[in-house]
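Next come structure tokens for two forms of one protein chain, structure 1 first, structure 2 second.
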Structure 1
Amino acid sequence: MYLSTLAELALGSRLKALSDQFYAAADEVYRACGASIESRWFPVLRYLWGNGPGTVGEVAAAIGQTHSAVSQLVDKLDAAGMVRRERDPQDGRRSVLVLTDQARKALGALGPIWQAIRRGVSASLGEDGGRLLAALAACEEALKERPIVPAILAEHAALLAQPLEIVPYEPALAGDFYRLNVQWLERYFGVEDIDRQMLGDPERYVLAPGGALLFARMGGQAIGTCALLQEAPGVYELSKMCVDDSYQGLGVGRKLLDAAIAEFHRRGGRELFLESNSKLRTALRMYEQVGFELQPGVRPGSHYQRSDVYMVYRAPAERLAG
């Protein structure tokens, strides 16, 4: 399932879906057994049944819903003849909810159904049912102790505060070069043979021909990379630029790009070009911002199947002059 690949990000959706499944299943069972009760009524009715009459607020707190949800539910239960509202003589604000005899009778007859639900759920889910219940209880507890929003905001602040540094290639980073590029290529295109070759041995295919390889590092981890390939003396290609998915949006790409251009200038390069794909609008816009200009057609003799965009760098000074 797609959602499970998103892990923590799609928890809400998945829990909701599972919740709906259980509600629907209970309703179907009640209907099949001829019980005139709805699954949504269960928490309120069961509470009143087990604990005796209670106020709206008390029930709401026990079953973890708002008082207005309970109040509205009671409207329905009242209409269905299951619950009576009585004023508390001690405290006129309170509405005391009392099960009617009809409800007591109906609930009394539900024992075997509830028992069957318990067993049926256990049978269907097997051990995972127990695990789900345990995890659920643990998470409910954890969320009470450690609210989630401040935790997320703290992580967010920490992420943004971590210094981002651009560092040159070192052998320990070879694996990151491969990982980052493949992650990116698989998402947008597919990995071509020419890619695997270069990605697997950057020292031979990037550095040896006189190119440069840069990495963006945050918190000790390589999260982006960018290569400057020397095609001919003084002629460089900007290539293999990518940033880890989970660090998108932090401006990492722009910093890598700036660093690569600075390196091109430091080496006194004569020409800098790149090939890309028109699907990558965000990237193309960024290239334009730093000084690349779109050329008509593709570069003669391009070795990438995916490239349909050809851009050439023109330093700001040149542009002013020309």
Structure 2
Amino acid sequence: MYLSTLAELALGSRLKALSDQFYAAADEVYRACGASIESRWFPVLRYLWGNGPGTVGEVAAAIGQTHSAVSQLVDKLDAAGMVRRERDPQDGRRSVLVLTDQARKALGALGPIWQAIRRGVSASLGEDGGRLLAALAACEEALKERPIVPAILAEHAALLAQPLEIVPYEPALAGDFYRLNVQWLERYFGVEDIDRQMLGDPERYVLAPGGALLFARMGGQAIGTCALLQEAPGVYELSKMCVDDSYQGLGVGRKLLDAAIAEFHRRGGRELFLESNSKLRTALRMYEQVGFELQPGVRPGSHYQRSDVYMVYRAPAERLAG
């Protein structure tokens, strides 16, 4: 399942999908058993049935929903003849929610259905069901003690406060060169044989022929990389540029690109080119901003099946002279 691969990022979406599935199952059971109730009504009706009249605020606090959500649901229950609003006999300034006789009659007949739901869920989920209920209870308590929004914002601030550094290759980074590139290639295209060869042994296929490898690092973790491949004396290809998905939007790619161009100049390079794909529009705009110019057609003798863009770098002074 795709959402499971996103882990914490999709927690709300996965819980919403499960919630919808359980709601739909309960509604189907109610219909099959001839019960005049909807699953989404259950929390409010069950609370009022067990605790007596209460305000919207009291119900919302008890069932963990917002005041607005409960108020909207009460409007539907009122229209369905299940709940009515009455003045609180002890405080005429506020209203309380009261079950109607219709609701009490409907709820009074649901005991066997609720028991069947308990048993059916247990039979379907097995021990996982019990663990899920325990995990939900633990999650609810944890969120009371440690609200999630401040925790996320604190982590975001800490992330942005970490310095970004561009560092050259060292043997300990070989695995990161492979990991980052495979992650990027599998997301957009697929890994070709030439990729596997280079990624598996960068010292042999990048460094030994006179190229260079650069890495972007934050908090000691490699989050991006790129390579300068020397095709001939003074002729370099910008290649294997990628940034970890989790760090997109921090300007990492641009800093890597600037560092690669600076390394090209430091080496006295006379030609720098790259091959890319037309669907990578954001990356192509970035290349154009630093001086890469689109060439007609693909590069003669291109090694990559995915390449349909060929660009050549011209330094600012060259562009002005031109």
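Every residue number counts along structure 1's sequence, beginning with 1. Quick caveat: nothing in here was measured; it's all calculated off a predicted structure. Only the largest set of C-alpha atoms that superpose within 1.5 Å between the two forms is called the rigid core.
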Number of the structure representing the form predicted on its own
2
Give me the smaller rigid part's rotation between structure 1 and structure 2, in whole degrees, relative to the larger part.
11
Displacement in Å of the C-alpha of Leu45 between structure 1 and structure 2, rigid core kept as reference
4.5
What is the magnitude, in angstrom, of the C-alpha shift at Gly64 between structure 1 and structure 2 when the rigid core serves as the superposition reference?
3.1
